[in-house]
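Listed next as C-alpha cells is one chain, alone, in the form predicted alone.
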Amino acid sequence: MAEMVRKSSVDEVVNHWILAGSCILLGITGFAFLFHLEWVSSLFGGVNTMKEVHNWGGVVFCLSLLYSMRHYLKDAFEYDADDWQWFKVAGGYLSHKVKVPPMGKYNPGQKLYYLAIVVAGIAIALSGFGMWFLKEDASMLLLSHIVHNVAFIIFVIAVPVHIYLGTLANPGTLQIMLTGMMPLNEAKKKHPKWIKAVGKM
C-alpha cells in the first residue's frame, strides 16, 4: 500500500464540505429566487420557507468562510518566482509539453481562486444581510441586490470550474477532499516544495 501524507486536517476537510454544501444550497435557492422557479420553492415547502433556508444557510456559509481563513488566507497571499512562472505556462493545463515549476502546498491558481471566493463571499454576505435587515432603506436595498447578483455571477462561474479541476481534471484530488490524505509519491511530484518543507523528501 502506498505511503500517504496528510495534506488537509480533519477540521479543514469538514469545513470544506460545510462551505461547499451551504454554497450549493444558496446557489439553488438563489437561482430559484432570481428566476421565480416555483417548482424549486415547492421542494422547500413554499417561497417563505425557502427564504428562511436561504437566509440561515447564508449564516452557515459566512461562518464557514470565516473559519476557512485560518487554513488558506496566509498561503493565498504568498507568491514566489515559481508561482509567477506557473502563470506563464498556465499551470500546464493548456499543454503537457511545457515544464511546470515546482509548487508548494497550493498552486497560484488555487490561491487566486480562494481570494476570489473570499472577496465575492464577503460581498454576497454583506449584501445578503442588507436585504435581510435593511428592507426599509430603498437605496440600500437596491445596492444590496446589485452587489448580491454580481457576486452570485462570480460564484456561478468560479465554483463549477473549481469542481471540475478538483475532480475530473486532477484525478486523486477528490481523495484529499474526503480523507485529507494523498499518496506521498504523488505529493512529491505535485507539491515538492511543500513536501521538502515538512521533511518528507
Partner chain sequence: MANDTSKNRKAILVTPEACIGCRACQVACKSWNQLPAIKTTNNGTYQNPPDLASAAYNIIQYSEVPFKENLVRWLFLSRRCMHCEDAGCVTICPSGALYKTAEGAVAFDRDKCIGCKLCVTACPFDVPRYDGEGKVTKCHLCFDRIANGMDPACVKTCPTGALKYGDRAELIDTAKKEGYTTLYGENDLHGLGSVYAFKEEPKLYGMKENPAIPSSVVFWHNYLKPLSLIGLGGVVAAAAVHYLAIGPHKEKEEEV
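Numbering follows the first chain given and starts at 1. Being a predicted model, the structure only gives us computed values, none of them experimental.
What follows is about the form predicted in complex with the partner chain, which we do not show.
Chemist: Heavy atom within 4.5 Å of the partner chain in the model of the complex: which of 157, 174, 43, 69?
Modeler: Exactly one listed residue reaches within 4.5 Å, namely 157.
Chemist: So which of 28, 47, 53, 60 gets a non-hydrogen atom within 4.5 Å of the partner chain in the model of the complex?
Modeler: In short, 47.
Chemist: Looking at the partner chain in the model of the complex, is some heavy atom of each of 114, 121 and 184 within 4.5 Å of it?
Modeler: Checked in the model of the complex: no contact with the partner chain for any of the three.
Chemist: Is residue 16 a contact residue for the partner chain in the model of the complex, using a 4.5 Å heavy atom cut-off?
Modeler: Judged by the heavy-atom cut-off of 4.5 Å, residue 16 is well away from the partner chain in the model of the complex.
Chemist: Whether residue 77 contacts the partner chain in the model of the complex should be assessed with a 4.5 Å heavy atom distance threshold; does it?
Modeler: Although the partner chain is absent here, residue 77 would stay clear of it in the model of the complex, with no heavy atoms inside 4.5 Å.
Chemist: Is residue 35 near the partner chain? Define near as a heavy atom within 4.5 Å, in the model of the complex.
Modeler: Contact check for residue 35: yes, within 4.5 Å of the partner chain in the model of the complex.
Chemist: Quick one: does residue 193 come within 4.5 Å of the partner chain in the model of the complex, counting heavy atoms only?
Modeler: So residue 193 does not count as contacting the partner chain.
Chemist: Heavy atom within 4.5 Å of the partner chain in the model of the complex: which residues of 133 to 158 qualify?
Modeler: Heavy-atom contacts to the partner chain in the model of the complex: 135, 136, 138, 141, 142, 145, 146, 149, 150, 152, 153, 156, 157.
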